[in-house]
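Coming up is one lone chain in structure tokens, specifically the form predicted on its own.
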Amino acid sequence: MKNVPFKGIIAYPITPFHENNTINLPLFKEMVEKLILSGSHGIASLGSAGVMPYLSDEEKEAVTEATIQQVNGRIPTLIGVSNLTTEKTIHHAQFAEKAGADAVMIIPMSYWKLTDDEIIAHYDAVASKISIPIMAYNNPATGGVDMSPALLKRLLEIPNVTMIKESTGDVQRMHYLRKELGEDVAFYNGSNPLALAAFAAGAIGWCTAAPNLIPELNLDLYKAIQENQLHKAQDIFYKQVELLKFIVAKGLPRAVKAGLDILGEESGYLRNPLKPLTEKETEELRKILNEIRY
């Protein structure tokens, strides 16, 4: 696989805020450091967990620089650069490349429903302006666009687009990519509850915010898969699956923040309009985490 800097567990930090709604960059750097020290194979900032659409251009650039400075070349960095317009996406992609990112991730955000040709042109325009690889991110729940397997196959014909992140929750799409494109395709799971099934389908990595709370279990699952220990992988996955379903159902920023609070770690504040989990939801999460730990 060419121009594919990521494999394994690619961890997503949340973006913590001060009470006045400004980004808490020192705490963000601490969170990134924790993910590195826990063994994550890559760091991906400005995704869904990092509430990228809620940030200004200046804030996105500050988070990009903070990520790359903190990682300091120890593991690969992936920066989300998506925007409604192609011009702004190019701007953020070029900024990330100049700052030292190893790759960028792009989801085709849409107000109007985009055609396949419009999506191809969007990615092609960004790819022509940068030299680092692009991960095409398919998540209709957050981006509003569902890229079909056939479209994803077309995207991989663009030289810089070397990776696909699939977050629809449809594992059959991963089987399609492997069947149609062979072992050279680099695709990643972005649907937490499908972690085991996605690895079985041939995913080379798992993009997830779960390492903020349970890094050992996430890494152990990947290790078991690499060692072809299916039964061990199943046992490890079943230990964490309830948490994985919970954090997706409740929203990654809310759920990860609540989990960090339960674990006694600083989590900062959420940016409005996001609000913390309810007491009932927090107690449900506490029960899930306690069952994992004991």
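We number the residues from 1 along the sequence you see. The structure displayed is predicted, hence computed values, not measured ones.
This protein has a second form, the form predicted in complex with a further copy of the same chain, left out of what is shown; the following refers to that one.
J.: Can you tell me if Ser267 lies within 4.5 angstroms of a further copy of the same chain in the predicted complex, counting non-hydrogen atoms only?
T.: Outside the cut-off, so no.
J.: I'd like to know whether Glu157 contacts a further copy of the same chain in the predicted complex, with contact meaning heavy atoms within 4.5 angstroms.
T.: Contact check for Glu157: no, nothing within 4.5 Å of a further copy of the same chain in the predicted complex.
J.: Residue-level contact is defined here as any heavy atom of the residue lying within 4.5 Å of a further copy of the same chain in the predicted complex; does Phe28 satisfy this criterion?
T.: Close contact is absent here: in the predicted complex, Phe28 is far from a further copy of the same chain, nothing within 4.5 Å, heavy atoms only.
J.: Ile225 versus a further copy of the same chain, in the predicted complex: is there a non-hydrogen atom within 4.5 Å?
T.: Flag for Ile225 set to yes.
J.: Would you kindly say which of Asn72, Thr115, Ser148, Ser131 lies with a heavy atom within 4.5 Å of a further copy of the same chain in the predicted complex?
T.: Going through each option in turn, the one that passes is Thr115.
J.: Find the only residue in Pro193, Gly100, Pro76, Pro215 having a heavy atom within 4.5 Å of a further copy of the same chain in the predicted complex.
T.: When a further copy of the same chain is considered in the predicted complex, the option within 4.5 Å is Pro193.
J.: Would a further copy of the same chain in the predicted complex be within 4.5 angstroms of a non-hydrogen atom of every residue among Phe6, Pro16 and Lys153?
T.: The answer is no: none of the three residues contacts the partner (heavy atom, 4.5 Å cut-off).
J.: Which one of these stretches, 29-37, 257-265, 60-68, 231-239, sits within 4.5 Å of a further copy of the same chain in the predicted complex when only heavy atoms are counted?
T.: Flagged stretch: 231-239.
J.: Along 191-215, which positions have a non-hydrogen atom within 4.5 Å of a further copy of the same chain in the predicted complex?
T.: Those in contact are Pro193, Leu194, Leu196, Ala197, Phe199, Ala200, Ala201, Gly202.
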